[in-house]
Ligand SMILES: NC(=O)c1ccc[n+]([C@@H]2O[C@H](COP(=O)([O-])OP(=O)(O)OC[C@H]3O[C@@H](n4cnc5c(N)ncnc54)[C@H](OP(=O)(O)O)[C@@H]3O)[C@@H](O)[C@H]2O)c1
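Below you'll find only one chain, the form predicted alone, shown as structure tokens.
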Amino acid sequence: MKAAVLYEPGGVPRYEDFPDPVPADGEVVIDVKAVAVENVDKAIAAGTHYVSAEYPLIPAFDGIGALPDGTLVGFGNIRPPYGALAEKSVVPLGSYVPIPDGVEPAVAAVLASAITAMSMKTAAGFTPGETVLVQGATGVAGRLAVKVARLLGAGRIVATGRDDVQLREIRALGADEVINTAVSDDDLARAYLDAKGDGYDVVLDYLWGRPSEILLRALTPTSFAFGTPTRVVQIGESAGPALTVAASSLRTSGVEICGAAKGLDPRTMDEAYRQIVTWTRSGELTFDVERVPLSDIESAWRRTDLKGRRLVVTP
């Protein structure tokens, strides 16, 4: 079969022949239809993620494909070295879920990016009318988070990013205010305060690092007045894997920090997935994807011009 094969950490996958997967007892071969290349796939391939890897390998740990009977499924838990960026992959029986009718494979491949935004409900307990701050709104997941916040009934949406052109696009998607984080620390802290109105109820944080450190510092009150509680959901780390949090940022600000997996169980995950699918089928939620054939993986892997579109590879 043809596959994207990676030979070393930090390398670029090559389009070449690779042995077909042979299923063991309790496994099934999947005919791959679409794979979304996400930041975590790049991090694993670069050797900067905590997940270890042995080489050679095929990147990407999940995708959309067809079972031997033709059923379209989302699959994961792939047996190494068979990642999803190939014509075929192999997974344990049951490591897949059917894709609902009316959702094409390329769109189904990016549903997970929208589901992360549902953590404003599952992890932070969002209720309609609240103010949501999306940190990193110009990325794929961040753009979807703005759309999801609006569909859930957010009263105000504030969005951050580093590109003024893209931030104008985010306004068109539903953000009430935008903040450019590519400014000095003092100017960024001031921008957070100017935009917060009565306070940020929920923060979806796809950035971490410097912007989030400045946000937490800005939210620290300067008096003994009770601050508006702010629930921060940590989702991504595109601005950095770590930050320094002053004790006062938590002690007096009312800030609560949790991970995106908080509140997730089979029931809440199913509810979030069904809601995203419903919006997708109705056309209320749309996805910006850049489709490329597997044969173009070497050039596609290096692309930096996607500007909020998710790269989706189709064998």
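Quick caveat: nothing in here was measured; it's all calculated off a predicted structure. Numbers follow the displayed sequence, beginning with 1.
Although it is not shown, the form predicted together with this ligand is what the next lines describe.
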Review point. Among 71-79, 89-97, 121-129, 134-142, which stretch sits within 4.5 Å of this ligand in the model of the complex, heavy atoms only?
Key: 134-142
**Study point:** Any non-hydrogen atom of Pro105 within 4.5 angstroms of this ligand in the model of the complex
**Key:** no
Check your understanding: Can you check whether Ile214 is within 4.5 Å of this ligand in the model of the complex, heavy atom basis?
Key -> no
Check your understanding: Leu173: heavy atom within 4.5 Å of this ligand in the model of the complex?
Key -> no
Exercise for review: Please check if Leu219 has a heavy atom lying within 4.5 Å of any heavy atom of this ligand in the model of the complex.
Suggested key: no
Study note, to complete from the structure: The one residue among Lys196, Arg156, Arg190, Arg162 placing a heavy atom within 4.5 Å of this ligand in the model of the complex is Arg162
Revision key, fill the gap. Assert contact residue (this ligand, in the model of the complex, non-hydrogen atom within 4.5 Å, options Thr268, Gln275, Asn39, Thr252) equals Asn39
Study note, to complete from the structure: When this ligand is considered in the model of the complex, the residues of 276-315 having a heavy atom within 4.5 Å of it are Arg310
